[in-house]
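What follows is a single chain, given as structure tokens, in the form predicted alone.
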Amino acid sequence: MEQRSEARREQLMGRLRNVYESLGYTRFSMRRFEEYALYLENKSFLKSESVLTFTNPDGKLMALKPDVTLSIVKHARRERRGVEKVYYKESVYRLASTGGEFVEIDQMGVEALGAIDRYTVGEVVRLAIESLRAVGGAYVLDISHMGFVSGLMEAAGLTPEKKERFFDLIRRKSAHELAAAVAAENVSQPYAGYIVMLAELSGAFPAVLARAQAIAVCDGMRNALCELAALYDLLSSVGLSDCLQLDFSMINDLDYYNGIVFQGYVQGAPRVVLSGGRYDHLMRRFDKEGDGIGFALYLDELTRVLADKPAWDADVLALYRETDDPAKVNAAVFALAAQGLRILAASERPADVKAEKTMVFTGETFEEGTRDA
């Protein structure tokens, strides 16, 4: 199973590299470690505050990196024109969810830095969807918007301490505890009721969007919903909206994140396999011009999923006849390979080769179909 999973992982990474590079994302490589101060000053941005440290020969406290985005933003150019687009395949080091030991976790993801507009947001979110699709099987992308939640909290006049307490209960979807906490803090109506609604304001995108529009009490909330609606329309126009869910209980740290945030799930994996969002505030903390948005795909969470899938020898079995023009067959085979597919071209169907799809040469191109051996 482990060998099959590793083969599928390599295939997946190859496909994703092709997808990312086809849209102008270039490979970003980094060292395995950073100065510990980077993580000490940004603990709330990390998935876990536990960081694996060591002292280098110069006596400086270093850390094996627990996060990629922090390193990319730290080392990004301070000034830039347009949008800088990068992708990475890196390992991070974090405490395991069970056992309390540090583990090496493989990630692959993209980051866009600079003049982030609505097109760029849509591009990154679509790349997140394409990354989930590449895994194979059923998948879901949950989306939220920090501007909607923060707008409501600002309109209610809450202190940072109260916001964080409510955020924790909203993330846990603890509607009953949240209602009690809101009542104890004497939050005025209608804000109290709307805050409690956030814990359960999730589900099918159009229906939840309509419910959210009914409680939008300020421009910040309404602007967030307009951006979400525009994103949904964009993804609907390319046939990718069926996988979308709107979930306003998904809240990230407001010191770093703003705008669209999202998480991805695939059938067979018990936990989140992809997460991302817009982090303009993080860029400001590092005194970098422009904004930022990106996501990470957690390859280790896909180990069992990939092992359970068929281990194809090729993506496409491309069948031609010996009487076909070799030059045209050659051009058509390489055109398929340029799409990031693994092609096995043959004049006869191999007896012991498994391909995900069979295509037949029609004289000029390959088309999906079958042919007797």
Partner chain sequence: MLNIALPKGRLGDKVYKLFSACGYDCSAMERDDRRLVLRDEDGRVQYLLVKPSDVPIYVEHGAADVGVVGKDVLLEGGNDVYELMDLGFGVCHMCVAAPVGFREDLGAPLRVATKYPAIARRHYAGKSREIEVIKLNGSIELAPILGLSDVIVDIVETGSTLRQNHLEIIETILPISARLIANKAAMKFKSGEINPLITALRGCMQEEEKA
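Remember, predicted model here, so these are calculated numbers, not experimental data. Positions refer to the first chain, counted from 1.
Not on display, but discussed next: the form predicted in complex with the partner chain.
Between the options Asp247, Glu123, Glu84, Glu185, the residue in contact with the partner chain in the predicted bound form by a heavy atom within 4.5 angstroms is Asp247.
Of the listed positions (Arg171, Arg284, Arg77, Arg118), a single one reaches within 4.5 angstroms of the partner chain by any non-hydrogen atom in the predicted bound form, namely Arg171. Looking at the partner chain in the predicted bound form, residues Arg9, Lys43 and Asp255 place no heavy atom within 4.5 Å of it. Put simply, Ala138 is close to the partner chain in the predicted bound form: some heavy atom of it is within 4.5 Å. Within this chain, Pro270 lines the site of the partner chain in the predicted bound form, having a heavy atom no more than 4.5 Å away.
With a 4.5 Å cutoff on heavy atoms, Val266 counts as touching the partner chain in the predicted bound form. Among residues of the shown chain, Arg133 is not one whose heavy atoms approach the partner chain to within 4.5 Å in the predicted bound form.
Between 221-229, 276-284, 171-179, 148-156, the stretch whose residues reach within 4.5 angstroms of the partner chain in the predicted bound form through a non-hydrogen atom is 171-179. With contact defined as any non-hydrogen atom lying within 4.5 angstroms of the partner chain in the predicted bound form, Glu200 is the only contacting residue in 192-218.
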